[in-house]
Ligand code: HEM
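There is one chain below, alone, in structure tokens, taken in the form predicted on its own.
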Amino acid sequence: MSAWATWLTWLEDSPPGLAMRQSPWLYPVVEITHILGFVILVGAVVMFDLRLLGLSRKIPVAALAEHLLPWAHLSFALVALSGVMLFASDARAIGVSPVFYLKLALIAAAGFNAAAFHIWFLKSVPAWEQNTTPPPVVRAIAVFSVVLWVAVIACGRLIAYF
């Protein structure tokens, strides 16, 4: 047995993994929490991305970021924690799913995409933050972000089937 397979077995047999399978309420509560976390996360991200695409130009980008970013961070933490719990419930099956790995890769890509905006383009916001269309590269980042998060959601749902 490989080290990865051994670890997956250990995780699935761990107290959280057992609790997730044995409690009649824990799995559904954690799954609902995971979904609600994604609703908040993707909702915040998409609202910001829509602004970057040029909608609601009267709303300053910096003010919207200041309002939505804490929601995105908190909900991402909630999604990560609940995701680990869901993973622990069936680690041996999920841990070998190519769709699960694709989901993780897409989440990483979405994180890099957001980081690229914050590192390279956030400083230029004052030049286009209100009553003007953001630069094409910023709009491309926003489109890429929406596509990535929709793909993450799709993969999350498809894990059960592949």
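Being a predicted model, the structure only gives us computed values, none of them experimental. All residue numbers refer to positions in the sequence shown, first residue = 1.
Not pictured, yet referred to below: the form predicted in complex with the named molecule.
Colleague: Each of 79, 83 and 160 near the named molecule in the predicted complex, meaning some heavy atom within 4.5 Å?
Modeller: All of them do, each having a heavy atom within 4.5 Å of the partner.
Colleague: Name the residue from 11, 153, 19, 146 that puts a heavy atom within 4.5 Å of the named molecule in the predicted complex.
Modeller: For this set of options, the contacting one is 153.
Colleague: Select from the listed residues 119, 29, 55, 104 the one whose heavy atoms reach within 4.5 Å of the named molecule in the predicted complex.
Modeller: Residue within 4.5 Å of the partner: 104.
Colleague: Quick check for you: of 35 to 43, 130 to 138, 59 to 67, 111 to 119, which stretch puts a non-hydrogen atom within 4.5 Å of the named molecule in the predicted complex?
Modeller: Going by heavy atoms within 4.5 Å, the stretch is 35 to 43.
Colleague: Does any part of residue 71 reach within 4.5 Å of the named molecule in the predicted complex? Heavy atoms only, please.
Modeller: So residue 71 does not count as contacting the named molecule.
Colleague: Just checking whether residue 99 would be counted as a contact of the named molecule in the predicted complex - the rule being heavy atoms within 4.5 angstroms.
Modeller: The answer is no: residue 99 has no heavy atom within 4.5 Å of the named molecule.
Colleague: Does at least one non-hydrogen atom of residue 125 fall within 4.5 angstroms of the named molecule in the predicted complex?
Modeller: Output for residue 125 is no: heavy atoms all beyond 4.5 Å of the named molecule.
Colleague: Using a 4.5 angstroms cut-off on non-hydrogen atoms, would residue 94 count as touching the named molecule in the predicted complex?
Modeller: The answer is yes: residue 94 has a heavy atom within 4.5 Å of the named molecule.
Colleague: Relative to the named molecule in the predicted complex, which residues of 48 to 64 have a heavy atom no more than 4.5 Å away?
Modeller: Heavy-atom contacts to the named molecule in the predicted complex: nothing from 48 to 64.
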